[in-house]
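Only one chain is included here, represented as structure tokens and corresponding to the form predicted alone.
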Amino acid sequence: METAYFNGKLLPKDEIKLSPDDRGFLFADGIYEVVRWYEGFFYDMSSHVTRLKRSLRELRINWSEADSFAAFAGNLIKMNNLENQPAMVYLQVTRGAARRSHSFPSPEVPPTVYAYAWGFMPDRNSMETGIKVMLKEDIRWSRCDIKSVALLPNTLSFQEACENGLKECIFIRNGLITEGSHSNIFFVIDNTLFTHPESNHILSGITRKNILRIAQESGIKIREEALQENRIRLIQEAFITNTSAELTPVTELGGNTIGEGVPGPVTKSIRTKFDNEIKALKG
């Protein structure tokens, strides 16, 4: 039986009951976090907790137990017998259950906290050969920096990509390439690594942060600068990053072949260094 975490307790998942008055259900009034388990450890859990706390602050949700995430995430891995395989832990915190009103509950109510773990098989083929992605005007709100559960524009856009046989939807805002529906994106032009700077228009990905660190340690020139859509023809390499896909090359962007249509040398070099870091952490 699958075990999940709910409001401070580890319970059989099918016994968990959510109030129909929960503001996450009624308003998407909540935040989430996802962390990767690497058969022995969570990758950069401290950064995930830091981002979790920031999202809570931005939505003004008071949950004092954010620092307990690492502990109960580990318990979820153990209780679901996932120690020896790749796995993910999902955490969601909403403002809690209260009679429906656009204003915050007064007095304040306890937040609703839910987490669960699952095993998965990484898409190694895509990581090795690359993926094709679509381009679309960014239809999301202007606070993409908050890891909010309000993901309808993301899911609609990703579904459109799936229905067209593509692996991701990359957004364009005011002529600038921002990020994907559930990933950050990087480009290589003349051996320089480009990615959109941190702002309210992108989520500050944990994998993004670590890839930038690895690139810097490798001596690769980095420019955190938004790339204009009309410069796509200059792109020699591209890749996306996120918790599950890690670093996955992009070989076609909006119908445009990137470079030779295969993962390029800078991408492969960073990927190798990321893999080596994971192996070293596993011991």
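Throughout, we count residues from 1 along the sequence that is shown. Please read these numbers as outputs of a predicted model, since none were measured by experiment.
Separately, the form predicted together with a small molecule exists; it is not shown, and the next lines address it.
Residues 179, 206 and 241 are all found to lie within 4.5 Å of the small molecule in the model of the complex, as judged by heavy atom distances. Segments offered: 47 to 55, 214 to 222, 248 to 256, 23 to 31. Contacting the small molecule in the model of the complex at heavy atom distances within 4.5 Å is 47 to 55. When the small molecule is considered in the model of the complex, residue 173 lies well away from it, no heavy atom lying within 4.5 Å.
Put simply, residue 184 is close to the small molecule in the model of the complex: some heavy atom of it is within 4.5 Å.
With a 4.5 Å cutoff on heavy atoms, residue 167 does not count as touching the small molecule in the model of the complex; it lies far away.
Using a 4.5 angstroms limit between non-hydrogen atoms, residue 132 is distant from the small molecule in the model of the complex. Checking 154, 85, 75, 200 for any heavy atom within 4.5 Å of the small molecule in the model of the complex turns up a single hit: 154.
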